[in-house]
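For reference, the chain that follows is the form predicted alone, supplied as structure tokens.
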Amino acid sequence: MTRSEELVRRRAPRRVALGWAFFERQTNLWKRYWAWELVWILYGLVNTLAITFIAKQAEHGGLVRPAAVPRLTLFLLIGTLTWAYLSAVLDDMSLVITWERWEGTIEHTFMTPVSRTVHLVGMSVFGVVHAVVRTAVIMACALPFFDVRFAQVNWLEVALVVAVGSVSLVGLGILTGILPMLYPERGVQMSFMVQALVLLVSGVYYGVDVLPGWLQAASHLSPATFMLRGLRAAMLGGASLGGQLRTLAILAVFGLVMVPGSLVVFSAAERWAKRTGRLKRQG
């Protein structure tokens, strides 16, 4: 074994420990701000119910056949729950700088000799776990309100789409997290605007085929579009795993491109923020 290989082997456990430290820190913050978590769970639940009740209104108004109501209900439920998951991941990553400012730890975190990759990976793992837990709670609270059947759902495909799609979402979240670092006073609002654009073009509450042509073209730039496509195919269409390979491949390409690219861009933005004194400023 060469010296460089030996150094890598010794550093690997340390990197895992440091990444876990950031995960643990966010978990402790989550516990401290539990009241805010209840607020966001309630918001997500109300949003899920409000959108999904559209299916019942469509039935009462005679807009759809009674036989089509369960499918429409599940279509809307998939969209609302997926958006709850997407927004939770994007929030945790896009607010990575804002959290540091709120806690007064931004200078300590960004001046310590810790790899930014380790830092962001630890935060990303927390963001995904946090999103899964929040979405599961919202789903458990929403299901009793609707007659939804999961007989055709392929849960293995659902898990694969979520797992592969989450990597690309992390990359998008890291990119969005650059905005509060560059613009302390308005960066958070700008990151929420990015989420709003993702919501518009990704077909969360409707199929992207109903969008104008130029928005349909823009939808191909959002990994959420393909994540939703894969989830609906697995839960509504009973698609086989072979039929999902193209969607999974696209999501994998998004992840392979966006995660390394976002880390490079984040590091460049961090160096610029340090030179211009923006890390110290309170947004």
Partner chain sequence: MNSAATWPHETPDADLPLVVRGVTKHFKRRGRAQSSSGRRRVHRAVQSVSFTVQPGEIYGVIGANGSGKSTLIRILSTLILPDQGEVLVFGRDALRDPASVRPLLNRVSADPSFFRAMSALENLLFYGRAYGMAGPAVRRRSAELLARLGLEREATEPMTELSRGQQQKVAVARAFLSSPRLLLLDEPTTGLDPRSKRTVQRFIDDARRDGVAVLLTTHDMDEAELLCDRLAFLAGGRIVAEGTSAELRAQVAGTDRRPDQVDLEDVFMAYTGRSIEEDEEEDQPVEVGQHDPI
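Given the structure is predicted, the values throughout are model-derived calculations rather than measurements. Residue numbers count along the first chain shown, from 1.
Not pictured, yet referred to below: the form predicted together with its partner chain.
Remark: Gly213 does not count among the residues lining its partner chain in the predicted bound form, judged by a heavy atom distance of 4.5 Å or less. Mapping the unseen interface onto this chain, Pro144 falls outside it, with no heavy atom inside 4.5 Å of its partner chain in the predicted bound form. Taking the partner from the other structure, its partner chain in the predicted bound form has a heavy atom within 4.5 Å of a heavy atom of His108. Among heavy atoms of Arg32, some come within 4.5 Å of its partner chain in the predicted bound form. Contact check for Glu24, Pro113 and Gly277: all three have a heavy atom within 4.5 Å of its partner chain in the predicted bound form. Note on contacts: among Phe150, Trp155, Tyr206, Tyr183, the single residue with a heavy atom within 4.5 Å of its partner chain in the predicted bound form is Tyr183. Per the 4.5 Å heavy atom criterion, its partner chain in the predicted bound form is contacted by stretch 92-100, the sole one of 128-136, 163-171, 70-78, 92-100.
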